[in-house]
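Just one chain follows, in the form predicted alone, and it is written as structure tokens.
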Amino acid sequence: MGRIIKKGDRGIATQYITRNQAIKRLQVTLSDYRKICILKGIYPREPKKKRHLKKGTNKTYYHIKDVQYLSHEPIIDKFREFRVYLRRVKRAIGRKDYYTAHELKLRKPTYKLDLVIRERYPTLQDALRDLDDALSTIALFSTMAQIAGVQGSIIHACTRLLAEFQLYVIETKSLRKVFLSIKGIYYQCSIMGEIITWIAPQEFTTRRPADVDFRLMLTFVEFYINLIGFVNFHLFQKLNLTYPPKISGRLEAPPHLHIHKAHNYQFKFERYETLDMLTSLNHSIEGAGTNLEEGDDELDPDLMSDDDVTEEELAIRESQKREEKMILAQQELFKNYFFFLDREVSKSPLVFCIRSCGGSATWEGDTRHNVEVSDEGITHHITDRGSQLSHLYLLREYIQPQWVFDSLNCRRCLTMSEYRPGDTLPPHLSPFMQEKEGDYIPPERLAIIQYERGEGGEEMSDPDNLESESDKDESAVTQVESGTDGGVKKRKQKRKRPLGVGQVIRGQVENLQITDDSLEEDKLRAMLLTKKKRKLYEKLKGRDKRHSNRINKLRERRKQIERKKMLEAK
């Protein structure tokens, strides 16, 4: 008789263990286990067949190999040393042996995350792919006030790392998209071929939410600080620049601002750090003009030959050349412009966008340019006061802040007539929106798409009249004169031009009349399906119907807005 195998001794039941079992195996506390899992990137697993597990289906499971991987981590030994250190300090204070307690505090155990960063991200490219959440978290903590649990050193480190990364984006001019929303400001840049998108909070006073566990968040912040420091070091090294970067003309803080004995000094220190980040964004890095590495944008001469090249490859090359020209135009968008920012305007996002496009900015109290409001070199005055301006200068343009962000997204300087102070601004469209077939596209977005194809001007056109050249080439049919052998007409269609990336051929709308017979045929076909597939078919039809109804509502709403504008114009 063979050996009887008990339930849970083989198969999937032996590959997963619960969280309590993992804590007992590693001999750590729950907080230390959470911390080590966050640092090492270990997350719970969902078993395929939970019913085969012994502990039930309502528990959190980890893979046994992940727990074995954590058991060899040297940081766990540091956590154990820290627990022993806390017991010794508590015992010394309980015995009123303050000298021993002070000596123990000087020998507080510490650990480094350098090896953890190297294990999780072997190359810089891997780190750049996972930088979105890190930048968003760092930007959030850089705007927070010093509260219980969040030390000032953490806020200062987040502010410094974010300013260094933004300085790199400014020097390389790699900012591509910006969008302002209620949640915050979305930025997107392209670094070494990787698209990085992060969100920064608005410049308002932040309040600590009661339902957020800041102890857990601070573990992520600790890891992200080391990660972004590693990324910033390698990025500046690619540019042959020293790290930390040296800011030309940067002012040092007065000595009395570094004293933390009184609340007044602490407030001045935080205020200085906020001002220092803004001024650092407006200054250039020492040696950045001579040591920048220029990318090799020239194409291979073998690839530039048109021999034995298909139409698809030609279309891809044309789209790439067009995209390179648009990026170069975006990098020099504000090259000869000098902006003055009023005091009510959010300065950090504007300075970041203006300098990323080659422009210069100043404001009242700026330490770099040190110019007055009446300076004749100012070309644009950004204000958000409406029409309540005390004095107007003739040699400059007065605009609202949205013009900078819309121009950056459109990759061209838009007309300023719609962005005058006090005027109703046009809609701020999201550049991250990807249009699908059948979606409603506003006419402003259609004009941007038309410009990117190289067809449109600066004014917005009617969406019904927007047709691409490929549409005209597709519908253009020429007739050749009839010959002498019977008057047979020959039609010759023009050669189709290759389409670029993002271009589509506009189809001809046919007047299809849906009859009762076609509806009956659809019903009969649906009856032939199985019950499961019939329900899925009905769900798909309902989804398409809801989508079309939503698009029709948007179109009707747009028509009402246009009618209202026409009546107000009259």
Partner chain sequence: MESANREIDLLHNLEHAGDSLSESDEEGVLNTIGDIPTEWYRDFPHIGYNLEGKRVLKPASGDQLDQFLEGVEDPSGLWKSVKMPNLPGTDLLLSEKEIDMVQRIQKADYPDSQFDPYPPTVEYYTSKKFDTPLVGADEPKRRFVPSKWEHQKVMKLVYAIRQGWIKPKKDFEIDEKPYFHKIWTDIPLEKKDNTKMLPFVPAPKLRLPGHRESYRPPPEYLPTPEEQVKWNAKFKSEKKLGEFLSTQYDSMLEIPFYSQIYQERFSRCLDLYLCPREPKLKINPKLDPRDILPQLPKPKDLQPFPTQLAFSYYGHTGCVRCVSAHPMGRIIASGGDDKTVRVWEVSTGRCLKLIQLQDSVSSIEFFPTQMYVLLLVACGEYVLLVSYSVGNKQLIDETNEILNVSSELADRRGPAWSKLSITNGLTGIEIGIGREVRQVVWHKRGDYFSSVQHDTSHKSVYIHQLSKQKSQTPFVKSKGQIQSVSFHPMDPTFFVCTQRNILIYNLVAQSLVKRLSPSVQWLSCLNIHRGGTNIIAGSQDCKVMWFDLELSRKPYKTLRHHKGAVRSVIFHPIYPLFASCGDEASIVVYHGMVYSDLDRNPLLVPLKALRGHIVTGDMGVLECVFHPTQPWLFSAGADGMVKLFT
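Positions refer to the first chain, counted from 1. Computed from a predicted structure; not experimentally measured. By rigid core we mean the largest C-alpha set that fits within 1.5 Å across both forms.
Quick note: we don't show the form predicted together with its partner chain, though the next part is all about it.
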## Note on the structure
Within 4.5 Å of its partner chain in the model of the complex, heavy atom basis, the matching stretch of 408 to 416, 317 to 325, 238 to 246, 389 to 397 is 238 to 246
### Heavy atom within 4.5 Å of its partner chain in the model of the complex - the one residue of 442, 152, 377, 149 that qualifies
442
### Query
Pick from 430, 367, 284, 174: which has a non-hydrogen atom within 4.5 Å of its partner chain in the model of the complex?
430
### Query
Is residue 225 close enough to touch its partner chain in the model of the complex, meaning at least one heavy atom pair within 4.5 Å?
yes
### Query
Heavy atoms within 4.5 Å of its partner chain in the model of the complex: does residue 127 have any?
yes
### Message
Can you work out whether residue 90 and its partner chain are in contact in the model of the complex, taking contact to mean some heavy atom pair no more than 4.5 Å apart?
### Response
no
### Task
Examine residue 278 and determine whether its closest non-hydrogen atom to its partner chain in the model of the complex is within 4.5 angstroms.
no
### Query
Superposing on the rigid core, does the Cα of residue 537 end up 2 Å or more away between this form and the one not shown?
yes
### Message
Using a rigid core superposition, assess whether residue 524 undergoes a CA shift of 2 Å or more between this form and the one not shown.
### Response
yes
### Query
C-alpha of residue 554: shift of 2 angstroms or more between this form and the one not shown, rigid core aligned?
yes
